[in-house]
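Here's a solo chain for you in C-alpha coordinates, the form predicted alone.
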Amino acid sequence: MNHSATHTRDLIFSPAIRIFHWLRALSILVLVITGFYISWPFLVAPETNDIQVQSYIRFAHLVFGFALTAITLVRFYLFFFGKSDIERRSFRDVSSVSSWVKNLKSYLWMGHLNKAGVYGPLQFTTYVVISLMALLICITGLVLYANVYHLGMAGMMWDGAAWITAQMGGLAQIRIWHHYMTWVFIIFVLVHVYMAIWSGIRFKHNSVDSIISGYDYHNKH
(Lines give C-alpha, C1' and ligand atoms only; values in the text may rest on other atoms or scores of the structure.)
Protein backbone atom coordinates (compact mmCIF):
# COMPACT_ATOMS: atom_id res chain seq x y z
CA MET A 1 0.00 0.00 0.00
CA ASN A 2 1.37 3.42 -0.97
CA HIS A 3 1.27 6.19 1.57
CA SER A 4 1.71 9.79 0.52
CA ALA A 5 2.41 12.67 2.86
CA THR A 6 -0.58 14.93 3.50
CA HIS A 7 1.46 17.84 4.86
CA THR A 8 4.57 19.73 3.87
CA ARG A 9 7.18 20.73 6.43
CA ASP A 10 8.92 24.11 6.38
CA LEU A 11 11.67 25.39 8.66
CA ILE A 12 10.51 28.78 9.97
CA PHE A 13 12.48 29.30 13.19
CA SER A 14 16.25 28.83 13.20
CA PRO A 15 17.97 27.18 16.19
CA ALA A 16 19.24 30.61 17.32
CA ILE A 17 15.75 32.12 17.37
CA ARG A 18 14.34 29.13 19.27
CA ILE A 19 17.15 29.11 21.84
CA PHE A 20 16.89 32.82 22.51
CA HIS A 21 13.10 32.61 22.69
CA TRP A 22 13.22 30.11 25.54
CA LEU A 23 16.12 31.86 27.27
CA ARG A 24 14.11 35.08 27.16
CA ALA A 25 11.05 33.28 28.53
CA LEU A 26 13.13 31.87 31.40
CA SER A 27 14.69 35.28 32.09
CA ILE A 28 11.29 37.00 32.19
CA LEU A 29 9.90 34.35 34.55
CA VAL A 30 12.82 34.66 36.98
CA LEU A 31 12.86 38.46 36.77
CA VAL A 32 9.15 38.76 37.52
CA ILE A 33 9.37 36.45 40.54
CA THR A 34 12.56 37.97 41.95
CA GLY A 35 11.43 41.52 41.13
CA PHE A 36 8.24 41.17 43.13
CA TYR A 37 10.18 39.65 45.99
CA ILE A 38 12.68 42.53 46.00
CA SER A 39 9.80 45.00 46.18
CA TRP A 40 8.14 42.99 48.97
CA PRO A 41 10.57 40.66 50.78
CA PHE A 42 8.03 38.46 52.53
CA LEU A 43 10.53 35.76 53.52
CA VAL A 44 12.32 36.39 56.80
CA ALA A 45 15.95 35.26 56.73
CA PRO A 46 17.28 33.30 59.71
CA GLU A 47 19.15 35.32 62.31
CA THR A 48 22.53 34.47 60.90
CA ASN A 49 24.95 35.82 58.33
CA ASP A 50 25.27 32.44 56.64
CA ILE A 51 22.03 32.82 54.69
CA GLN A 52 21.02 36.11 53.09
CA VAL A 53 17.77 35.56 51.24
CA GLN A 54 17.45 39.08 49.86
CA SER A 55 21.04 39.02 48.61
CA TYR A 56 20.51 35.77 46.73
CA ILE A 57 17.25 36.99 45.22
CA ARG A 58 18.82 40.27 44.15
CA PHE A 59 21.81 38.43 42.67
CA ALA A 60 19.49 36.22 40.60
CA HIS A 61 17.62 39.33 39.46
CA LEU A 62 20.85 40.94 38.31
CA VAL A 63 22.09 37.85 36.48
CA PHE A 64 18.89 37.32 34.56
CA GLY A 65 18.50 41.05 34.04
CA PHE A 66 21.82 41.14 32.21
CA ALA A 67 20.80 37.96 30.38
CA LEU A 68 17.57 39.60 29.18
CA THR A 69 19.51 42.68 28.09
CA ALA A 70 21.93 40.57 26.04
CA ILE A 71 19.13 38.49 24.53
CA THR A 72 17.16 41.61 23.61
CA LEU A 73 20.15 43.08 21.76
CA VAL A 74 20.90 39.78 20.00
CA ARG A 75 17.27 39.42 18.89
CA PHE A 76 17.35 42.92 17.40
CA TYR A 77 20.50 41.92 15.53
CA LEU A 78 19.01 38.65 14.27
CA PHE A 79 15.88 40.42 13.08
CA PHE A 80 17.75 42.99 11.01
CA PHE A 81 20.83 41.01 9.96
CA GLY A 82 19.97 37.31 10.34
CA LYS A 83 20.29 35.06 7.28
CA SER A 84 16.62 34.13 7.35
CA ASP A 85 14.28 36.97 6.35
CA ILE A 86 11.07 35.20 7.36
CA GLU A 87 10.55 37.62 10.26
CA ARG A 88 11.44 40.68 8.19
CA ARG A 89 8.97 39.65 5.47
CA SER A 90 6.16 40.12 7.97
CA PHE A 91 6.63 43.88 7.63
CA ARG A 92 4.95 43.70 4.22
CA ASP A 93 1.66 42.78 5.85
CA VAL A 94 1.88 45.64 8.36
CA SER A 95 1.86 48.18 5.51
CA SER A 96 -1.02 46.44 3.72
CA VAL A 97 -4.62 47.38 4.58
CA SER A 98 -5.97 44.18 3.01
CA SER A 99 -3.64 42.08 5.18
CA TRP A 100 -4.96 43.81 8.30
CA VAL A 101 -8.54 43.13 7.20
CA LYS A 102 -7.77 39.45 6.52
CA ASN A 103 -5.92 39.20 9.84
CA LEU A 104 -8.79 40.62 11.89
CA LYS A 105 -11.38 38.56 9.99
CA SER A 106 -9.41 35.37 10.64
CA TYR A 107 -9.48 36.07 14.37
CA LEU A 108 -13.27 36.40 14.09
CA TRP A 109 -13.50 32.97 12.38
CA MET A 110 -14.39 34.63 9.08
CA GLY A 111 -11.48 33.41 6.97
CA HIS A 112 -7.94 32.10 6.92
CA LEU A 113 -4.78 34.04 7.65
CA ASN A 114 -2.42 34.53 4.72
CA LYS A 115 0.97 35.90 5.76
CA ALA A 116 3.98 37.09 3.79
CA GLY A 117 6.22 36.10 6.69
CA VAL A 118 5.89 34.13 9.87
CA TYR A 119 3.71 36.70 11.68
CA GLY A 120 0.42 38.33 10.84
CA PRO A 121 0.27 42.16 10.94
CA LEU A 122 -1.33 42.32 14.40
CA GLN A 123 1.07 39.72 15.78
CA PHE A 124 4.07 41.46 14.21
CA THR A 125 3.05 44.87 15.56
CA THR A 126 2.56 43.39 19.03
CA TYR A 127 6.02 41.79 18.93
CA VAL A 128 7.63 45.06 17.84
CA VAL A 129 5.98 46.91 20.72
CA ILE A 130 6.93 44.27 23.29
CA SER A 131 10.51 44.23 21.95
CA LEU A 132 10.74 47.98 22.45
CA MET A 133 9.26 47.54 25.93
CA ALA A 134 11.92 44.90 26.64
CA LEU A 135 14.58 47.41 25.60
CA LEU A 136 13.09 50.08 27.87
CA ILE A 137 12.74 47.79 30.87
CA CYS A 138 16.37 46.74 30.40
CA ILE A 139 17.45 50.39 30.26
CA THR A 140 15.53 51.31 33.42
CA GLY A 141 16.92 48.20 35.09
CA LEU A 142 20.48 49.23 34.20
CA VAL A 143 19.82 52.73 35.55
CA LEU A 144 18.61 51.26 38.83
CA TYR A 145 21.69 49.01 38.88
CA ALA A 146 24.02 51.96 38.34
CA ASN A 147 22.38 53.85 41.20
CA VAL A 148 23.01 50.99 43.62
CA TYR A 149 26.42 49.69 42.58
CA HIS A 150 28.95 52.45 41.87
CA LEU A 151 32.03 50.48 40.82
CA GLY A 152 33.01 48.45 37.76
CA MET A 153 30.37 48.33 35.02
CA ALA A 154 27.95 50.39 37.08
CA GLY A 155 30.58 53.09 37.43
CA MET A 156 31.09 53.11 33.68
CA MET A 157 27.34 53.58 33.16
CA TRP A 158 26.97 56.26 35.83
CA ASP A 159 27.01 59.34 33.59
CA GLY A 160 24.43 57.92 31.19
CA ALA A 161 22.31 56.59 34.06
CA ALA A 162 22.38 59.99 35.78
CA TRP A 163 21.20 61.68 32.57
CA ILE A 164 18.33 59.19 32.09
CA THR A 165 17.39 59.56 35.76
CA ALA A 166 17.13 63.33 35.36
CA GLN A 167 15.14 63.05 32.12
CA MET A 168 12.60 60.67 33.68
CA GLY A 169 12.03 62.81 36.75
CA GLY A 170 14.11 61.02 39.34
CA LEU A 171 14.89 57.56 40.59
CA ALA A 172 11.42 57.04 42.08
CA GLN A 173 9.82 57.56 38.66
CA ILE A 174 12.22 55.07 37.09
CA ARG A 175 11.25 52.46 39.68
CA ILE A 176 7.56 53.10 38.99
CA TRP A 177 7.99 52.75 35.22
CA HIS A 178 10.11 49.63 35.73
CA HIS A 179 7.23 48.19 37.78
CA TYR A 180 4.57 49.21 35.24
CA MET A 181 6.48 47.58 32.40
CA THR A 182 6.74 44.40 34.45
CA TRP A 183 2.94 44.22 34.44
CA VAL A 184 2.95 44.79 30.68
CA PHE A 185 5.15 41.72 30.31
CA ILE A 186 2.93 39.66 32.61
CA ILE A 187 -0.17 40.54 30.59
CA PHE A 188 1.66 39.97 27.31
CA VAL A 189 2.90 36.51 28.32
CA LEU A 190 -0.60 35.39 29.33
CA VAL A 191 -2.12 36.64 26.08
CA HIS A 192 0.81 35.31 24.03
CA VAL A 193 0.51 31.77 25.42
CA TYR A 194 -3.26 31.78 24.92
CA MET A 195 -3.03 33.05 21.33
CA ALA A 196 -0.23 30.61 20.44
CA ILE A 197 -2.41 27.69 21.54
CA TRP A 198 -5.53 29.17 19.96
CA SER A 199 -3.72 29.77 16.65
CA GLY A 200 -2.62 26.14 16.48
CA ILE A 201 -6.20 24.99 17.04
CA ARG A 202 -7.74 27.57 14.72
CA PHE A 203 -5.37 27.34 11.75
CA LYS A 204 -3.98 23.81 12.29
CA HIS A 205 -0.39 25.05 11.86
CA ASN A 206 2.11 27.61 13.18
CA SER A 207 1.36 26.39 16.69
CA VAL A 208 3.42 26.08 19.86
CA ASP A 209 5.44 23.14 18.54
CA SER A 210 6.99 25.35 15.82
CA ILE A 211 8.98 27.32 18.39
CA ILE A 212 10.20 24.01 19.82
CA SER A 213 11.01 22.06 16.66
CA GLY A 214 11.39 25.04 14.34
CA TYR A 215 9.11 23.47 11.73
CA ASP A 216 5.63 24.40 10.55
CA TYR A 217 3.30 21.97 8.79
CA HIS A 218 0.87 22.85 5.99
CA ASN A 219 -1.85 20.71 4.50
CA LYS A 220 -1.17 19.98 0.82
CA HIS A 221 -4.84 20.14 -0.05
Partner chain sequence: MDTHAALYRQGQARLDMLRQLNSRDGQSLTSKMKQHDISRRDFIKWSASVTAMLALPLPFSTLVAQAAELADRVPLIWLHMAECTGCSESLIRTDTPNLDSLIFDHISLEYHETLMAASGWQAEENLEHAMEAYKGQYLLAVEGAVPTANNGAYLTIGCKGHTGLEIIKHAAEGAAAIISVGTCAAFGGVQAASPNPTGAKGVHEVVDKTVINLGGCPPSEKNIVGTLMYFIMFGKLPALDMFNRPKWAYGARVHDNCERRGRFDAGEFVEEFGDQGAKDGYCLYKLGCKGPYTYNNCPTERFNHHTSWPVLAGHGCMGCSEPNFWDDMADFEKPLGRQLLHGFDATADTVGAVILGATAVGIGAHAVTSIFAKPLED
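Because the structure is predicted, anything quoted here is derived from the model rather than measured. Numbering follows the first chain given and starts at 1.
There is another form of this protein, the form predicted in complex with the partner chain, and it is not shown here; the text below is about that form.
- Checking 67 to 75, 125 to 133, 80 to 88, 145 to 153 against the partner chain in the model of the complex, the stretch whose residues place heavy atoms within 4.5 Å of it is 145 to 153.
- In terms of contact with the partner chain in the model of the complex, the residue from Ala196, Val30, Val63, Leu171 that brings a heavy atom within 4.5 Å is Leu171.
- When contacts are judged by a 4.5 Å heavy atom cut-off, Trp100 does not count as touching the partner chain in the model of the complex.
- Shown alone here, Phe203 lies within 4.5 Å of the partner chain in the model of the complex, counting heavy atoms only.
- Among heavy atoms of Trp183, some come within 4.5 Å of the partner chain in the model of the complex.
- Shown alone here, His179 lies within 4.5 Å of the partner chain in the model of the complex, counting heavy atoms only.
- Candidate site formed by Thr8, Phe20 and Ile212: none of these residues places a non-hydrogen atom within 4.5 angstroms of the partner chain in the model of the complex.
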